[in-house]
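Okay, so here's just one chain, in structure tokens, the form predicted on its own.
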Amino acid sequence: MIQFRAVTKKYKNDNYALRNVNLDIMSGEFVFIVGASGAGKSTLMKLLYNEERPSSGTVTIGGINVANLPSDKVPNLRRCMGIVFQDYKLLQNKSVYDNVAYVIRTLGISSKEINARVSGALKIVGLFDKKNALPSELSGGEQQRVGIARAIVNGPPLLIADEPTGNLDPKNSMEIMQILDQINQRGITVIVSTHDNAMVDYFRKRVITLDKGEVVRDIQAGTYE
């Protein structure tokens, strides 16, 4: 499903974020991307949803080289994936329901279908009873659950989570990872960048380790170290 071929990302002053990265991630996998701060994790994730483009090499998703995607095609790419951020990125003046519905209201589907999809997503993350709450009325863990519901409401085949537990305590971190694991069990490919070694060690998924922009380790059912 996803291929990185000889991917290098270089910024100004010859500062390399990624160097000659080659990866294959198959449909339905759950993959942790780990490494120290500055190792290139976030850059790799941003290449997937075209927030960044490689200096050289190809990033292919479903047979499409997203590195060369015209700007007007990027929204279509992002509709085919869910993205979860560390800082939630919720609309503070809108309810939980409206935050989740926001991404599908432009798709021309009926109000009945929107309600069914939003309600289903909120039930998956355990927040249906708080659909009318504002983000300010929720805990950090609950806000991240809203972010996950928003990411899956359109039924994407791919979920990308960039440091999803970075602002959370261990209890909430575990709950978020369990939700991501459950989503993966529904057949959705899940890619998580994290520095949370306890979570990586607990779930024993595929672990890809970056160091100074290079893949230095790729192991199935792995641990952080």
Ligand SMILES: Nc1ncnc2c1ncn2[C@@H]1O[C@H](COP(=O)(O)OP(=O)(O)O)[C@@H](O)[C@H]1O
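Because the structure is predicted, anything quoted here is derived from the model rather than measured. The first residue of the sequence shown is number 1, and the count goes up from there.
We do not show the form predicted in complex with the ligand, though everything after this point is about it.
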{"item": "Proximity to the ligand in the model of the complex (heavy atom, within 4.5 Å), stretch among 54-62, 170-178, 30-38, 183-191", "value": "30-38"}
{"item": "In the model of the complex, Ser42 touching the ligand (heavy atom, 4.5 Å)", "value": "yes"}
{"item": "4.5 Å heavy atom contact, Tyr202 and the ligand in the model of the complex", "value": "no"}
{"item": "Val21, heavy atom within 4.5 angstroms of the ligand in the model of the complex", "value": "no"}
{"item": "Heavy atom contacts to the ligand in the model of the complex at 4.5 Å, residues of 1-36 in sequence order", "value": "Tyr11, Asn13, Asn15, Ala17, Ala36"}
